[in-house]
Every structure is written in C-alpha cells, then in structure tokens.
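A single chain, nothing else alongside it, follows as structure tokens in the form predicted on its own.
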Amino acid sequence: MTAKTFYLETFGCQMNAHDSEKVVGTLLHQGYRQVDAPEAAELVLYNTCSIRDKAEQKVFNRLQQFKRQAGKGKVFGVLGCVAQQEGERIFEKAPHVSLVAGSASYTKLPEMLVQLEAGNRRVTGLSLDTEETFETPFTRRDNPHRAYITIIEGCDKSCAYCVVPFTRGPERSRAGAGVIEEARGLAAAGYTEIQLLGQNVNSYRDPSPTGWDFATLLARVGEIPGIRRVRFTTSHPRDFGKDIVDAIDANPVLCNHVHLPVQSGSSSVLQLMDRSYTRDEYLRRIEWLKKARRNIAITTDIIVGFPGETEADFRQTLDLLDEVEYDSLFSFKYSPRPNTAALAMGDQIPEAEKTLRLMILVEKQRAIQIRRNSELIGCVEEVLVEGRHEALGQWIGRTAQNRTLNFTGGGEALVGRYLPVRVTRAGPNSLVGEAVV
C-alpha cells in the first residue's frame, strides 16, 4: 500500500517551527510520507502565525492559490494560531479547507487524521482546555545538532496588541523533571545545543513539588553532560530576574545572549500596551545584563505606531536604542489584531507615519549594529557550524551570542562541529572570519 503524502509549510516563530516538528513526527508515525511541494501532496497543511496581519494574509493567499485543486483528492488543513483565532470561520473563508486545529490539539492529530481519511470534510481541534499541549509522542527534529524543548505554553499577560492569550491559552508549565529527562535524551542522541521555548519562557514555574523557577531549570539543563550550548526565548521583562543573569555568569554552557522585548521606549506607551513595566524598570534589567561578568548580547522587539504613540514617545524609543545599543532587534509596525484591547483605542497612527517611523528606527539600528559588530574584528569566537555557502566558499556558523559568522578554512565536513574563528570583517547583520588552525 502506497503511503499517503503530505506537505507542511510553517509560518512564524520558533514555537511554530517546533510545533511543526511535532506534527511531522506524528504524520510519519501514522504512515504518511513527506513531500517537498504542495502539488505532490494529498494532504496540504499550513502551520500559521497570527501575530501580525501580514503573516495571516500569507496563509489565505496560499490557500487561494490551490483552491482549484480541491476535490481532486487533495485535502487542506490550517494549523496553529490563525486556526485557533479564526476557528470554524476558516471553513467559510476557504471552503476547500477540511482541517482546522490549534496547537493545543496536536496530541489528538491521529484521531483527526482518521476522521479526514473517513471523508469528514470539517474536522476541528480547537479546545484550549487541556494541559497536554507540550510534546507529542513522536517528534521529527529538523536539525541534527540543535533541538527545541517547549517548557511553558500560553500567556497570562494582557498586552493590548497581542493575540497569544487567545490562540495559545493560559500559561502552563511542564514539570522540571520531564524537561530534564527530555534534554538528557537529546544529549544522548547527539544533540549539543538545546533551546528552551515559551511565549514567556522566563515566566516558567515548575508545577511539581520541586517548584523550580526558570533560573533553576536553566542552570540544571546547563549541567547535563554532552550539551555545549543552552539558549532560551522569549523573555518577558516583568519576570526577568537578576538570578537569570547570575546563572548565565556561572556556566559558560548557557549562551551569553538574552532576547528581552521592550516594545517601546516610552513609559506612557508601555502603559497603553499594558506591558506591566516602565522604561526605568526595563533599564534596570539592562543594567544587570551590562554589569555581568560575561559579555551578554542583548536583542529586542519594538513596535512603532501603536495607537497614541506621539512624536515624543517615538523619540524616547530612538533614545533607548542609543542608551542600550542592542546587538540586533526585530521591529514592526503596529498591526490591529482580533480580540485585542488596542482595537478599541482611539488615536490610531496613519499607515504612512508608521512606515516612516519604522524606516527611521531601522536605519538607526543598522548604524548601531555596524558599530557593535565592528568592535569584534580581531576577536576569536567559537562557532557552531550550521552549513556551507558553496557559491561564496564559506562555512556558515553561529556564535554563542547568536551572531552569524561566515568563515573560510577549517577543513572538510565541518557541519555540527564547534570551531574557533577569528573575525576579519563585520557588516550590520553578520560577521566574516577565518578558522583558527
């Protein structure tokens, strides 16, 4: 019997990427075979992101492209955040879709597949009333050296712009012992880099009697033999304590990189966003990071054009870039999202003004990154080799600070190895170097 074929495209963050690994592992265990193009697949799945309108529209554009192929033995499914957000309305928007399932339902995917195979053309998995949202029994890891581990799902914050509480549900932490067991198993299987994931990863609280906080769990994962690097994302400033910085200082296995989204440099905008901290409180955390013994890279997220953001508020954000000197940032124009408090706010910023502010922000940060990266010329950085750029004759590596460092030399078959590389050139987004022989 020929295996049924499937195609899966992923949109969005590392949480979605890891969710797709779970979905693929489950499908393979159910006897499906993965193919590289939707045209060749009997089951076409889109694992979606709804954090911004543009990402959401990409999904519906994809569905529209293949609308004519519906009814020709091809089944379509929408997974993830857009599925959870839109629910059964997707069946009305895209009648050729047969499966709509949020991330909390992936453990029930085998049952949903049975329904699809039986000819059911409206199968849903939309309940958020579950604790079983973390790991499916079968996960197909996409990278043989780096592995993701979800330690906390959902969000209890109420940021005025964010749909995550509606698409991922409330915060639910895994038992620490289960996380350690999974990390030990990955190390035994040859994985050397672990990345701990959560919408607010540092809000982690072990629900078992051990009661570990995030800093304790981080330190314990960093003690596992065979693991060379531990990363984590994304942190919420409200729950970011100095104990996390102390843990990074105490163990070089814990990568000296922290992604700490600020969203705005203005306390008044932060209050409108309901971010639960002020500019000064955020800067206190930055001070902990800058006073650490290790040189910790700091990255962030910034939203421009939030309703009510004045020119003075925006200038405070630009001033924050000068004060912190982020190593990189992700910047976005405010995008209205369903079910969020910001939808009802007045003083919406015109699109043209949002675009202008974003351009100014990006150019300012570009200059900062050129300067920050140039300071590393002459330094020797350890990289994990991730691939090869044949056209340029360079290996592609990543430093503990999460900088891309492309380099020459070092020999053959380097992927997965850790090598010292001397930085010889720097650009705004990456470094160039030579392997140290």
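Since this is a predicted model, take the numbers as computed values, not measurements. Residue indices: 1-based, along the sequence shown.
We do not show the form predicted together with 5'-deoxyadenosine, though everything after this point is about it.
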5'-deoxyadenosine in the predicted bound form: contacting segment from 250-258, 182-190, 363-371, 327-335, heavy atom within 4.5 Å: 327-335
Look up in the predicted bound form whether Gln263 has a non-hydrogen atom within 4.5 angstroms of 5'-deoxyadenosine, and give yes or no. yes
Are any of the heavy atoms in Asp301 no more than 4.5 Å from a heavy atom of 5'-deoxyadenosine in the predicted bound form? yes
I'd like to know whether Tyr106 contacts 5'-deoxyadenosine in the predicted bound form, with contact meaning heavy atoms within 4.5 angstroms. no
Contact label in the predicted bound form: Tyr161 to 5'-deoxyadenosine, heavy atom within 4.5 Å: yes
Residue among Arg398, Arg52, Arg388, Arg62 with a heavy atom within 4.5 Å of 5'-deoxyadenosine in the predicted bound form: Arg52
